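Before any questions on binding or motion, here is one chain by itself as structure tokens, the form predicted alone.
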Amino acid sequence: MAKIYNWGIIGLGKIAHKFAQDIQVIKNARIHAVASRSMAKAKEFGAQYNAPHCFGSYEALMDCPDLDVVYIATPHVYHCEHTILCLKNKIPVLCEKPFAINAAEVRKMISAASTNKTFLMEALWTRFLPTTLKVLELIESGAIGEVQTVKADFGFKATFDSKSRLFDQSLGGGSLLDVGIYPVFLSLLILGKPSTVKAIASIGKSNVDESCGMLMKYPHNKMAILHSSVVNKTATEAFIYGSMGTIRINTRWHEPTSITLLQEGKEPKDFFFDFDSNGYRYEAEEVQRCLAANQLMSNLMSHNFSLDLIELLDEIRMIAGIQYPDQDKNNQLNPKKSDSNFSLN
């Protein structure tokens, strides 16, 4: 009989609801425990998803019996603290993206996972979607020749509220870490680490980046053109341009959608995928596969990849002047003046 994985959730906001809904469509998974700083909120969430254990503090969840793994969905600035809390208690962790606010925190998390010999993975759900896997398959097959350029954007228009997580600097607000991480992730996945990074940000009245533009250069004249925004709705498409064709990941490209293969001299070919969930089930299933195999990390979203990603985000922040003073002051992250010279030479 297949093992049923008992999931816990820390932080019960919007994304936690989507994740919990997806756990319900996985045959060998269930919501076992939920935790919030508010017991009333925990009980309400638990009742909605039939969780038998509800806690009014994150610390209390650590003593929950029969807990197999915890999904952390608190604001960015708490990811490191809450991840290490679980790891010290030998509880496997799937932590929402960004893994942490900066690379120094991510290194602490990876070290804690290693010390406690406990599973840890970043919940960057796009990595596990069938669309992303198909894109990688097409590239590997040579369908578009040698990849030359990645172009991706992610922007939406949010109503300004200085107290909301999105616009609160103390909570890691702004476009780059909230949605810009997706285009940066795609460029890293397809092209690897860049040799040159250029970035510029529009800093709003609450001191977070409301928009961010990024250019990256790679060996052999390859490049990435990336954009994020929380004040403008963009096409939210991604293009992988190759020497013999193009792959377009259709809007909204970071979530379950479709892709189009454009090859020279041929009709466009669309690939559609059947989804029975919000799309978060795939990362949860990867965690369960890893746990069943006694792995301490995923090969698809390794600790090294997550570290490379956050280091790249740190570099973009330094160049574009995006700051989180409370978290960065002790971590040797010193933002530079934005560079308006966008020459890639």
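None of the values given here were measured: they were computed from a predicted structure. Numbering starts at 1 and follows the sequence shown.
The same protein also has a form predicted in complex with a small molecule, omitted here; what follows describes it.
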| Contact check for Thr132, Gly155 and Tyr282 against the small molecule in the predicted complex, heavy atom at 4.5 Å | no
| Exactly one of Arg248, Lys97, Lys222, Arg127 has a non-hydrogen atom within 4.5 Å of the small molecule in the predicted complex; which residue is it? | Lys97
| request: State the residue from Tyr241, Phe160, Phe273, Tyr78 whose non-hydrogen atoms include one within 4.5 Å of the small molecule in the predicted complex. | output: Tyr78
| task | Give a yes/no on whether Tyr58 approaches the small molecule to within 4.5 Å in the predicted complex, heavy atoms considered. | result | yes
| Contact between Lys14 and the small molecule in the predicted complex at 4.5 Å, heavy atoms? | yes
| request: Verify the contact flag for Glu105: yes if a non-hydrogen atom of it lies within 4.5 Å of a non-hydrogen atom of the small molecule in the predicted complex, no if not. | output: no
| Lys193, heavy atom within 4.5 angstroms of the small molecule in the predicted complex | no
| request: Select, from the options 203-211, 170-178, 145-153, 114-122, the stretch whose residues sit within 4.5 angstroms of the small molecule in the predicted complex by heavy atom distance. | output: 170-178
